[in-house]
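Take a look at this single chain in structure tokens; it is the form predicted on its own.
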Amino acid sequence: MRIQYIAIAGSVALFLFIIYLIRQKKLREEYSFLWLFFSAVFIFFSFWRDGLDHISQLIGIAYPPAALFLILLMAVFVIMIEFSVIISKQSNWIKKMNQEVGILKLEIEKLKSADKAGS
């Protein structure tokens, strides 16, 4: 029973920490949905002790804590994929912005040289 209380406390602490990060503007809302979802899953399984047994039987895992590690591993992979997509989008945006700045600098230099030639 003690381990269940520890699991509940840890899961709730994780959930509250994520909300704290959102409120302090250290974590944007659109990036926090998966964190909130998976922390809610852990809270759910912390309260429903037999749930892990049912899930492990459903997917054919003989040792229920191994199912918990599988869920955790899946959560980490999903979050990593989401962040990889975000990083790719931002990388493309940064590349586009650098190209636009380069074009603007070139145009400014052309205008300066045309102004000097006209003077």
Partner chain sequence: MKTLIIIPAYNEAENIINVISNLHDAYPQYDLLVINDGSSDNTGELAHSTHKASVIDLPFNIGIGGCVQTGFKYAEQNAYDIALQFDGDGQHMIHEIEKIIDPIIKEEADCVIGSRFIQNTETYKPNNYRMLGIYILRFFSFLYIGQKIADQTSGFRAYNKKCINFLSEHYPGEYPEPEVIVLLGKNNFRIKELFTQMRERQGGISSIPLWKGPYYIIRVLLSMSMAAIRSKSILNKKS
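Source: prediction; values computed, not measured. Residue numbers count along the first chain shown, from 1.
As for the form predicted in complex with the partner chain, it is not shown, yet the points below apply to it.
In the model of the complex, no heavy atom of residue 24 sits within 4.5 Å of the partner chain.
In the model of the complex, no heavy atom of residue 9 sits within 4.5 Å of the partner chain. Contact check for residue 13: no non-hydrogen atom falls within 4.5 Å of the partner chain in the model of the complex.
Contact check for residue 94: a non-hydrogen atom falls within 4.5 Å of the partner chain in the model of the complex.
Contacts with the partner chain in the model of the complex, taken as any heavy atom within 4.5 Å, map to no residue of 1-31.
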